[in-house]
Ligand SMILES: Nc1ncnc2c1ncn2[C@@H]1O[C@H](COP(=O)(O)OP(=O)(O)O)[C@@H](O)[C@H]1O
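For reference, the chain that follows is the form predicted alone, supplied as structure tokens.
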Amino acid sequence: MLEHLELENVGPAPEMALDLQRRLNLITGDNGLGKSFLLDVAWWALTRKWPRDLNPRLTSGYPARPTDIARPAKLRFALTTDAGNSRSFESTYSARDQGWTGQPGRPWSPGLVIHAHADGGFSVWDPARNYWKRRGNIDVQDRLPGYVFSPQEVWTGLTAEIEGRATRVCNGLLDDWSSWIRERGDSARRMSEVVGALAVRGEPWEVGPLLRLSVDDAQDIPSIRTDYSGAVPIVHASSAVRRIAGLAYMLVWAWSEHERAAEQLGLRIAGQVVLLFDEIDAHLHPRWQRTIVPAILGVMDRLTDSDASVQLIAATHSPLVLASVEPHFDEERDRLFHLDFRDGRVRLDVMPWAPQGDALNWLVSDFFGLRQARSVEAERAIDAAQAYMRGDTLQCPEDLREPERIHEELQRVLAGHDPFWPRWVVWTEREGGGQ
């Protein structure tokens, strides 16, 4: 588990520090303030590798660099190892070496680490398959330092160089899921359960038959059934369905392969799982946004038979995601962070947990900063109407300084049931300016 992460002269702020909780950590904030960057640094802290160093086909996960090369840059972190010990680490950027230095050797095992990138790619670090050996006092990294998938490789498979030879280390969703369906074993059952658990209530998925895209293509393609369609090849599903299918596959593949490797090596199954999830709401319809976080936590408990502790660190732009966790949020195990730009610098705050009740209230809270949950034009018209009612016409835009013109604009931009209408109508009737 990641306990603490601290950046100095790295990223969008001169200094930034997070003390994380052991179950759920949500990071909110405007675009460009560093949410994705924090997740990449968290992955590095847990694995000591930058995702793009392991797979140059990624469009994210680049190594961090100092903001000001003339000043020292440091990364500090603390984690709970899979053995239950707390460890701290500090790394300094070396301009000469163009990299991060510090205590040599293999990383402390934080358990299984899965990083879901915003573009649909994934990174996986497995304490059984990626944790290198020690011979005497010498570290011998004779295994892959991690599995890093581009979005396409999640579906078609990952090949890596091992001992100078190109080796297929993952078959990919299409081949693996097809094989699991044919075998009808534990992996097929797990995949079906995870897909079902991640689906929205009232819109259940069911694994369909294997299909082929054409008579000339011999590849079997998994399919899904829903209440409103027959069997649809997974490659023809919507972006949201494919994102959920990719997530389900990576969770099942990572945990199943970890169990298999641990058994072959005579190791203990990981007691911890860390999930890093960038833009957890991406591509998802609001119905899915309000179920995704509880579903992921439930899926991991089911996959690991509740024996492993699961920590989820996720970035989100969605007020529905925040509304969805209100019944589940536990201040003893969960934390909410907010990135903000004020006083000329980016700041990261731990926010006191205060349920807002619904997505609209979250939209107008400090987390999203909207004054109104309406269009820009509707907000402008209501501001003009309110200023006019106060007698402050100078605060109205030049084209909205007459009640008739304000009323016309309100009719254009507001719905007939908008709650502002009664106030405006009562005021205009009282003032003798009924429209």
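Numbers follow the displayed sequence, beginning with 1. All values derive from a computational prediction rather than experimental measurement.
Form predicted in complex with the ligand: not shown, discussed below.
K.L.:
Which of these stretches, 391-399, 24-32, 375-383, 404-412, has heavy atoms within 4.5 Å of the ligand in the predicted bound form?
P.N.:
Answer to the contact question: 24-32.
K.L.:
Although the partner isn't part of this model, could you tell me whether Asn55 comes within 4.5 Å of the ligand in the predicted bound form, counting any heavy atom of the residue?
P.N.:
Although the ligand is absent here, Asn55 would stay clear of it in the predicted bound form, with no heavy atoms inside 4.5 Å.
K.L.:
Answer for Phe367 alone: is it within 4.5 Å of the ligand in the predicted bound form, judged on heavy atom distances?
P.N.:
Because no heavy atom of Phe367 falls inside 4.5 Å of the ligand in the predicted bound form, the answer is no.
K.L.:
With the partner left out of view, is Arg65 within 4.5 angstroms of the ligand in the predicted bound form by any non-hydrogen atom?
P.N.:
It does: once the ligand is placed as it appears in the predicted bound form, Arg65 has a heavy atom within 4.5 Å of it.
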